[in-house]
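Before any questions on binding or motion, here is one chain by itself as structure tokens, the form predicted alone.
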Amino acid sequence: MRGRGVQGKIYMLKIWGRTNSVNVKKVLWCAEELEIAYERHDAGMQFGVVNEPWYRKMNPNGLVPTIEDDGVILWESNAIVRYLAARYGSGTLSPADPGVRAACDKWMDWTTSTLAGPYRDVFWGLVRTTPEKRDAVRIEAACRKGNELLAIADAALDAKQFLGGDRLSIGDIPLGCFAYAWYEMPIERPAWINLDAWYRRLCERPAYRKHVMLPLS
């Protein structure tokens, strides 16, 4: 899908970021679910770009992702997901009911403010650190904490298909991106009835398989 800007001018969403970034995955998965046409440009880590003056003008943090959409420039992955869903998926990915939408926002913020810490310690420790440099104690503690936190999401999914109700929403996107790595990494996990079923439903979605279910790196 393309959009039209001022005076009918054709524009296309531009996304800067590398495909192995969990935050970039959120944006790509969201755009794919919404069937938005976009251009993606590699940026960050081995690709550089983020310290170029023109990029820093868009995103002074020098991080990914960053988007430009018909003159709108945004950084912070959750803000980008909310924006895209509100503009292109109002009533679907972005629930129309304010209460439901706020509940979805809650899960987005919980994932990035509460779960992200232990997730990061486990992911960086096992995936991006060579075996001889790993801090086994820190990884084990983070794994234990992550499992405790995910039990909260498991309880919230009781009798629900998705975190926002009976359909995929913005509330599922951050946790869904973290969940793939959590299920793929060689760690111990409890048998969560609800969370496991939710994860299987995500794995059935073509957009999730395309942008989230990638080799961990």
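Residues carry their position along the shown sequence, with the first being 1. Only a predicted model underlies this, so the values are computations on that prediction, with no experimental measurement involved.
Below, we refer to the form predicted together with a small molecule, which is not included among the displayed structures.
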- line: Partner contact check in the predicted complex: of 164 to 172, 37 to 45, 149 to 157, 188 to 196, the stretch with a heavy atom within 4.5 Å of the small molecule is 37 to 45
message: Please identify the residue among I67, C177, C30, V64 with any heavy atom within 4.5 Å of the small molecule in the predicted complex.
response: V64
message: Whether D135 contacts the small molecule in the predicted complex should be assessed with a 4.5 Å heavy atom distance threshold; does it?
response: no
message: How about I15 - does it come within 4.5 Å of the small molecule in the predicted complex, if we only consider non-hydrogen atoms?
response: no
message: Against the small molecule in the predicted complex, would V22 count as a contact residue? Criterion: heavy atoms within 4.5 Å.
response: yes
message: Residue-level question: is E76 within 4.5 Å of the small molecule in the predicted complex, judged on heavy atoms?
response: yes
